[in-house]
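One chain follows as structure tokens, the form predicted on its own.
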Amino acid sequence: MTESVITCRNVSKIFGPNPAQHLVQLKADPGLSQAGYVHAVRDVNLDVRRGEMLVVMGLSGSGKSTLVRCLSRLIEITGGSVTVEGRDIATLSESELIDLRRSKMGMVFQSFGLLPHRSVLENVAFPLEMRGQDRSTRYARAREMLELVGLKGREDYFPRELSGGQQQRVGIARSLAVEPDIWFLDEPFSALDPLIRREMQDEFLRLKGMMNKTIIFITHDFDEALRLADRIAIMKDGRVEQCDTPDQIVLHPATEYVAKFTSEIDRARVVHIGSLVAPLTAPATGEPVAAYRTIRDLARQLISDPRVEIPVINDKGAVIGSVLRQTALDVLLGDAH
């Protein structure tokens, strides 16, 4: 299994006058309710694997943004532990923490946070300036990143001269300029209109394909999560209700709350053939189907194919098992539970 880059164990975050004491009281009496305290994150366990995109989602107030700020130690946790590449970040000194963020982490938040009096090029180069890089080196890197996000030629513009989508691209370019291994994005597209949001998702998927980043992406939009995620962590009232692949969350919701989240989703659009693979019960015959294809992609073939069992191949063309045609049709027709 791929190694974990970020590991959190029993992480809790309580806001209030004496959160540590309140957490001790809660462990003794889980039903305790006390005015003046907000339990924003509750006993969360997560492993974020190297190179994956983990999407954290939930409604407003579910604790998703607070959790991600705990993972980067932008806020201090009340209980539990967070390790980044094996280092407990609670034990880092202020200078060590700053160095970790500058060398390993990139962050993009809902508010673009661009400096209005600086050009686009200067905004992207700003974190490198904070690192002490010389002007020519940081500007060369900034130009590379602006080209990567499709803003070549806009270097001398000011933020006010750009559209919302372009400003967001500047924010993404700025976070990428430091070459982060770990990338935190907190609802980066939420302020954009639907068309620009879709374009930015496409752009993000393109960037993801070009770079091996470990990404934690926050959204409240389930369709966005399904498009982008390797795995999805769904939160409610500070807890992670389920953390799994989009296929498994749609096919096998762990709780009633997750089931409600997925109830309006077209499962055939989400579920890949590979998630339904079972061992072959007989030698493979006929044309195989690729594991990465969705049920919706293969709808016409599934309806017309007379075979009971259809062989499935991986991205190298090797047969990895089969899918029962009836199982796939159940997903397509909405009969799978």
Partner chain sequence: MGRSERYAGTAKLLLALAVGLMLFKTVLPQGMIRPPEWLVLPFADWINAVFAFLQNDLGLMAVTRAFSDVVEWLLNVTANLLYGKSRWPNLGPIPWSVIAVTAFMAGYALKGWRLGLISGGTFVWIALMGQWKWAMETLSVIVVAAPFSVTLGLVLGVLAWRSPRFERVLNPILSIAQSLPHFAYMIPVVVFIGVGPKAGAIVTIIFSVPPMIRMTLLGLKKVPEEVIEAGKMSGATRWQLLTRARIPTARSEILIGVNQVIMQCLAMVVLASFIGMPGLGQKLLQLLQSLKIGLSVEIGVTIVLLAVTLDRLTKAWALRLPVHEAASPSWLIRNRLLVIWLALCALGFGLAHFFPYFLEVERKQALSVAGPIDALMDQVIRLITPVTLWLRWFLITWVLIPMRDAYLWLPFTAVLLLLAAVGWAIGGLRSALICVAYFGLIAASGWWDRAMITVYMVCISVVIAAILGIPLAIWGARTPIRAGRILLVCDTAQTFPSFIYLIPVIMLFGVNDVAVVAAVVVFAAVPMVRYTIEGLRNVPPEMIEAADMSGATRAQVLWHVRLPMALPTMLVGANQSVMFSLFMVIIAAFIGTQDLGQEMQRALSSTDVGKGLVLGFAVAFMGLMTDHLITRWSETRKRALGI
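Numbering follows the first chain given and starts at 1. Just so it is clear, the model here is predicted, and its values are computed rather than measured.
The protein also exists as the form predicted together with the partner chain; that form is not presented, and the subsequent description refers to it.
Within 4.5 Å of some heavy atom of the partner chain in the model of the complex lies at least one heavy atom of residue 129. With a 4.5 Å cutoff on heavy atoms, residue 115 counts as touching the partner chain in the model of the complex. Contact annotation for residue 89: none of its heavy atoms lies within 4.5 Å of the partner chain in the model of the complex. Within 4.5 Å of some heavy atom of the partner chain in the model of the complex lies at least one heavy atom of residue 109. Considering the partner chain in the model of the complex, the lone stretch of 220-228, 244-252, 129-137, 198-206 in range is 129-137 [heavy atom distance within 4.5 Å].
Using a 4.5 angstroms heavy atom cutoff to the partner chain in the model of the complex, none of 272, 287 and 297 count as contacting. For the candidate set 82, 105, 258, 151, a heavy atom within 4.5 Å of the partner chain in the model of the complex is found for exactly one residue, namely 105.
Contacts of stretch 129-160 with the partner chain in the model of the complex, defined by any heavy atom lying within 4.5 Å, are made by 129, 130, 156, 157, 158, 160, listed in sequence order.
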